[in-house]
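So this first bit is one chain, no partners, the form predicted on its own, shown in structure tokens.
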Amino acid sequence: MGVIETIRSEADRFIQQQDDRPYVTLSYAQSLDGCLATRDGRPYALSGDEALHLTHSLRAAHQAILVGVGTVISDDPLLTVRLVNGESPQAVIVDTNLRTPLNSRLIARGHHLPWLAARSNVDEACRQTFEAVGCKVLRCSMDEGGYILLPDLLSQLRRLGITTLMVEGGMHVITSFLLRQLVDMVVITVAPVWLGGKPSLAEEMVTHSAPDRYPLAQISAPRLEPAGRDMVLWGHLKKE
């Protein structure tokens, strides 16, 4: 059974057994040296055609897709399904202080607008501005580090009917989901290039992953499959 079929099968069981959050798939592309972007933060097209088709198939298999506001500002993504048949997922942006540009493609397209996860005491005038153009603002609690409390956000998404969530990045979002063990399936595309750029994990992942004090984030029974010129590593995140 391939990764798409596995996700669909396991998500169905997860939804029946657990009602406090969606089934979460973490998926992103990185270079051989573990980088997501160039050193100055510019996006770099890492995935080949076959891997891009897989990414769009993964999007079509999930009800929502989540990225951080840094990804929106630097990449200006659409986060839609274009290369395969299927519906585009609901875009969710982790945006603590509502910094998403109003002229970003996610908003400027004027339909199927993103949901923004912001701190509960975000500026009221700013919130009203986003809601006036059709965005939904989710007020979330904050964790001890000043970031959106992910269990609170995931709980809100589940109450809004989101049962499957694909997390695409960027660095701080990936790190936060892994540290808090809120990932069920991991799908990583590895491109056969060295980029020498920004790493896929933030520094706090290194700090908190000392094996004598914290459990290492690791894939249980990983599978490695070719996708054109790239390799796709996938499997379940091992839970401690």
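Note that residue numbering begins at 1 and tracks the sequence as displayed. Here the structure is a predicted model, which is why all the values come from computation and not from measurement.
One more form of this protein should be noted, the form predicted together with a small molecule, which is absent from this view; the next part is about it.
- Across the options 101-109, 156-164, 123-131, 74-82, residues that bring heavy atoms within 4.5 Å of the small molecule in the model of the complex belong to 74-82.
- Heavy atoms of V183 never reach within 4.5 Å of the small molecule in the model of the complex, leaving it off the interface.
- Proximity of L150 to the small molecule in the model of the complex falls within the 4.5 Å heavy atom cutoff.
- The small molecule in the model of the complex comes within 4.5 Å of a heavy atom belonging to H172.
- Under a 4.5 angstroms non-hydrogen atom cutoff, the small molecule in the model of the complex has V69 among its neighbouring residues.
- With the partner omitted from this view, the residue of I65, L36, L178, L54 that lies near the small molecule in the model of the complex is L36 [heavy atom within 4.5 Å].
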